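Below you will find one chain, with nothing else, as structure tokens; this is the form predicted alone, and questions on how it binds or moves follow later.
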């Protein structure tokens, strides 16, 4: 630790901060998009006639069986082909993360919906509500209240997985640290700092999840 260069960290902080901004932005957008799409997929899988549930199940199981890095790489190549124009590395990565995480979120949300007593939905329908209204006002609020800790846990995993965007040339937090480590020949400082930041953020989020789980249990 005598040769630990603290000045190298200080000099690199603005550059690392830019990488962290991209990491947090990608995590937040993919989480919101993934939960929204996952909710739609879960509701359709539970309410639509065949073959819609089977198609959605195939989508969910297919993506969950693939390595995320492969999904990012393929979306980076395929999205411009489908749209007929380049969309940029960030947009391609965001679509890939949203589609991939939606497969996991949909299973969490589906389990949460099924955990709400069936009588709640039947009572809402009997009172004159339509199925979408019953899901929106009766079932989903109860389901999400119970699912919040699990959804946040999956979001922590998403935050960690954003480091894979280096395959499409994005400069996230870890990639920025890798660039500085190679440029300044200070890998120990950079990687220890990155590990400490990830540890603090993920541990803090996990502590918050445990608090929510205890409140939810009560």
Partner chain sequence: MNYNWNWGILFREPFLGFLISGVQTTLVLALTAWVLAFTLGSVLGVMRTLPNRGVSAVAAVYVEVFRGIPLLVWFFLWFFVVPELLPQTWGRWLKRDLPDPEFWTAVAALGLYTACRVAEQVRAGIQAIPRGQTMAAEASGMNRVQVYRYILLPLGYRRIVPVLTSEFMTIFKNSSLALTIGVMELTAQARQVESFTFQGFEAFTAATVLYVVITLTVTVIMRQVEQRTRIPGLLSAKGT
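Source: prediction; values computed, not measured. Numbering follows the first chain given and starts at 1.
The protein also exists as the form predicted in complex with the partner chain; that form is not presented, and the subsequent description refers to it.
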Q) 131, 144, 137, 74: which sits within 4.5 Å of the partner chain in the model of the complex by any heavy atom? A) 74
Q. Considering 111, 123, 87, 78, which brings a non-hydrogen atom within 4.5 Å of the partner chain in the model of the complex?
A. 78
Q: Although the partner chain is absent from this view, report whether residue 160 comes within 4.5 Å of it in the model of the complex, heavy atoms only.
A: yes
Q) Wondering, does residue 49 line up within 4.5 Å of the partner chain in the model of the complex on heavy atoms? A) no
Q. Taking 4.5 angstroms as the cut-off for heavy atoms, does residue 154 touch the partner chain in the model of the complex?
A. no
Q. With the cut-off set at 4.5 Å between non-hydrogen atoms, does residue 183 touch the partner chain in the model of the complex?
A. no
Q.
With the distance limit set at 4.5 angstroms and only heavy atoms considered, check whether 70, 82 and 195 all reach the partner chain in the model of the complex.
A. yes
(Q) At 4.5 Å, heavy atom to heavy atom, what parts of 163 to 200 sit next to the partner chain in the model of the complex? List them in sequence order, or say none. (A) 163, 164, 166, 167, 174, 178, 187, 188, 191, 192, 194, 195, 198, 199
